[in-house]
Ligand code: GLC
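Just one chain is shown here, as structure tokens, and it is the form predicted alone.
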Amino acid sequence: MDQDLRRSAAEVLDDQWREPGFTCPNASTYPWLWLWDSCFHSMVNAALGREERAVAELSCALGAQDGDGFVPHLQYLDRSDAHETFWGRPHTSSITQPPVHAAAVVELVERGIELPDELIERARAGLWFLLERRRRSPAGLVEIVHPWESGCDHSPRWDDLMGDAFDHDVWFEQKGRLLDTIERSPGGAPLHNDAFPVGSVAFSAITAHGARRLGRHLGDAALVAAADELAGDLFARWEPGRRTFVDDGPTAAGSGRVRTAEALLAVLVAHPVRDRDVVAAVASELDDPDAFSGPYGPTQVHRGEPTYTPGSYWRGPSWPQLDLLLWWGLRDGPGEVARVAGRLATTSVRGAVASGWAEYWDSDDATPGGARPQSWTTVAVLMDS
């Protein structure tokens, strides 16, 4: 492993470390705690041998969980109420993010880190909230209630439900209005949103992946069965002609078919035999310079899509957290699939370093975008072997 890479990553994490025990993504742009960011930080700290920080980060990330299992995606740990009117909830947001926390638990345990039972149970409860209480699409996928829940905020996959042509300011205002249309439980947990009823392939894939890994670790047959059922529903969404997985719901005939990197995350839960050809096709797309491949990591939008815009937020650049998840989905594949995974990891690590640990970067020349440094980009450590 590259020791210079590890030292540089540790410096980024150290500079952003905050009490009571979390890493803010960027001190200026993102000074609070975000759910999946902190899960990635926890795994990187574990890989760096910083066990206490790894456990503290994951504990903070799940610390605001409701009794029904809902985990807010954003926490204001300075106890500020400045955003309460926006979210309708004090100190936290009122939506979630992809449940990477389940995979993080298993990653830490596999590195020999002892976790409190309560923390493991929080991760399990967070999954069951999504699997049992969150509404499913007609095809069985987990619905998200807001674009922000996907983590891929401005993905062209949401275009059909966001009104006019993409405009950052217009979309932000529309997303604020979407918070008011979410149907919630009596306790305030987000259950569904008829104004945004998207059965998200990416969100469902991360949910099924976490449920399968945590279920196997705990010997929880019900959790594994739920993951396997969701995985089957995901692979029914493969569209051979477009070589992508299609979201379910009102976008299925339109923007839900746009070829994006996050839509390929179903490979996280592929069956090694049944889905072998699909995984090979995904790997081929990620390795094709006319599709997603680039010298500094894969693009987030397929180069052949009209919406592909190099350098634009969620419209083309390489995103390190997606690169990591795609690598996870391919690394144990046979032959050429594993080789593609290796090339994906190499180019993504190269992009993370060349961009100065940027939030995202241009896949062709590593021009940085967004916040810099961004602490989740230290996931390059996990891909460096």
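Predicted model only: the values in this text are computed from it and were never measured. Don't overthink the numbering: it's just position in the shown sequence, from 1.
The form predicted together with the ligand exists for this protein as well; it is not shown, and the discussion that follows is about that form.
Shown alone, this chain has one stretch from 64-72, 340-348, 44-52, 22-30 that lies within 4.5 Å of the ligand in the model of the complex by heavy atoms: 22-30. The partner is absent here; in the model of the complex, the one residue of Trp158, Phe292, Trp314, Tyr296 having a heavy atom within 4.5 Å of the ligand is Trp314.
Checking Asp153, Glu84, Glu173, Asp194 against the ligand in the model of the complex, a heavy atom within 4.5 Å turns up for just one residue: Asp153. Among heavy atoms of Gln374, some come within 4.5 Å of the ligand in the model of the complex. At the 4.5 Å threshold, heavy atoms of Glu359 reach the ligand in the model of the complex.
Within this chain, Asp37 lines the site of the ligand in the model of the complex, having a heavy atom no more than 4.5 Å away.
The closest non-hydrogen atom of Thr96 lies beyond 4.5 Å of the ligand in the model of the complex.
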